[in-house]
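Take a look at this single chain, the form predicted alone, given in structure tokens.
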Amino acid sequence: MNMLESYSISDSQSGESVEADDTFFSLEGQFKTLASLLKGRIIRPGHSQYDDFRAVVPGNYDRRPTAVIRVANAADIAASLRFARDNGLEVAVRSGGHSGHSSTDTGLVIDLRDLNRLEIDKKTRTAWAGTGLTAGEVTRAVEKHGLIVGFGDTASVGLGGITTGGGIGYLVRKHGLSIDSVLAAEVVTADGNILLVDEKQHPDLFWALRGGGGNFGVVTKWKFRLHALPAFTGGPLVLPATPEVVSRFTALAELAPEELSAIASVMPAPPAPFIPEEFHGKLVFFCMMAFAGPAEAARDALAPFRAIATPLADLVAPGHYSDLYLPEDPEQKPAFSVCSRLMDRLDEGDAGKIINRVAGSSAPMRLGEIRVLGGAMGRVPSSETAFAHRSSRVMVSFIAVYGDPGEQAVHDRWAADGIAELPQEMDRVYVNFLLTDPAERIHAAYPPQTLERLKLVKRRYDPENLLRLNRNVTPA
């Protein structure tokens, strides 16, 4: 049902009616016309669900869009984009809402969360997944069939954002990035055209969608190749946070079988029952291990890591892949500061810098996160997708999580200074981790040749730069 909240125009202080100009009424009339064309809903200020629908995950942002359009299909997106262009309104696109770019203070939010259909073909090991689905929803559905596709490390992240950016998660060494499993996509371009893209149809757009961010269109659904996962072993291995342990862990992770990937963080130990109480709040090395294969092979692959030092906790065991997703409280809206770099190496001296940086943060929760790459991700030619930093071996990120958004500048600086202390063969970054960096750091996400190619694709499919609320690639 189309929903357009009816409310009177009144002065916010006195409650008295005020006179509105013709432009206001003209826009109101156009919203009513738009509502009559949509299968989805338009949520305006004053609607009982407005605050819920406008909210995003990071507490850094409290934006109040002119409207949230909860679209029901590709035609709704096309109509909404034309409406925004005709009325000079800014457009934000929301899938999971983990980015500040997924809302706006002055324009429309195209909310994709109702595009949540999942069609699994077990015979061909493929799936069409609506872009409003989350990583956790897809993972839990496909693993029931002994199948998997790799996303990131957070269940509530939307498919739209993680896949257009690349997708670095727990299967990166075994099956590559999320985009390396994409076979096709349906996308609505800025001019309202609805296209099916793959390697043969609109190959330039298909290339750009895989790693170029949300610059080139609004993806409605993705076709993924699914991978067999008959057995899985994973969970947290908690080790002492020393430079020797961190550097040794990183070296072993590079040498490990490709079935093993890990996301490890220097961080204060949470007050979890499986961690001895005397370590709560003290720095530890919290390693989420993931082995895609039989339990016996997993034991052999994990043995060197367990031998680095006496574990403070070891919950790595056979189970479901989805068990790796840690619990989330949707009522909590913490603020985040993030700065990251893709690197070729990480030695003991670098590990010491990470530990010292985390120890020096005033944030209630802070992490020095390490993701060891290589394997399948590195075998894809750098020109095959818009994610071109394929040769990178390690990704290091400093992440601060805190309650008061007013502290953001302090924590942004802490994270950026930490990255600046690490080796700088060249500044390379994963575009999805450009969360609180300056806009000009987009140049670190793409090598010059890749960026120029992206600008040409942008000129073809969005020459007016309507889709600019992202890590923006401007038209050539």
Ligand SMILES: Cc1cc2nc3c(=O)[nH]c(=O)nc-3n(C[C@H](O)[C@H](O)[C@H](O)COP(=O)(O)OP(=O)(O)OC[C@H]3O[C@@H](n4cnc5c(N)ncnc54)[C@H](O)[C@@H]3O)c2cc1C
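From 1 onward, residues are counted along the sequence shown. Predicted, not measured: the structure shown is a model, and the values here were computed from it.
Keep in mind that the form predicted in complex with this ligand is not shown, yet the notes after this line are about it.
Think of it this way: in the model of the complex, this ligand has a heavy atom of just one of M289, L342, V138, V219 within 4.5 Å, and the residue is V219.
For the residues G374, P236, G152, P268, the 4.5 Å heavy atom test against this ligand in the model of the complex is passed only by G152. Every residue of the trio G158, I168 and G214 has some heavy atom no more than 4.5 Å from this ligand in the model of the complex. Contact with this ligand in the model of the complex, defined as any heavy atom within 4.5 Å, is confined among 160-168, 354-362, 244-252, 274-282 to 160-168. For G176, no non-hydrogen atom is located within 4.5 Å of this ligand in the model of the complex, even though that partner is not displayed. When this ligand is considered in the model of the complex, F336 lines it closely, a heavy atom lying within 4.5 Å.
When contacts are judged by a 4.5 Å heavy atom cut-off, S261 does not count as touching this ligand in the model of the complex.
Proximity of S80 to this ligand in the model of the complex falls outside the 4.5 Å heavy atom cutoff.
Heavy atoms closer than or equal to 4.5 Å to this ligand in the model of the complex belong, across 81-98, to the residues V93, R94, S95, G96, G97, H98, ordered by sequence position.
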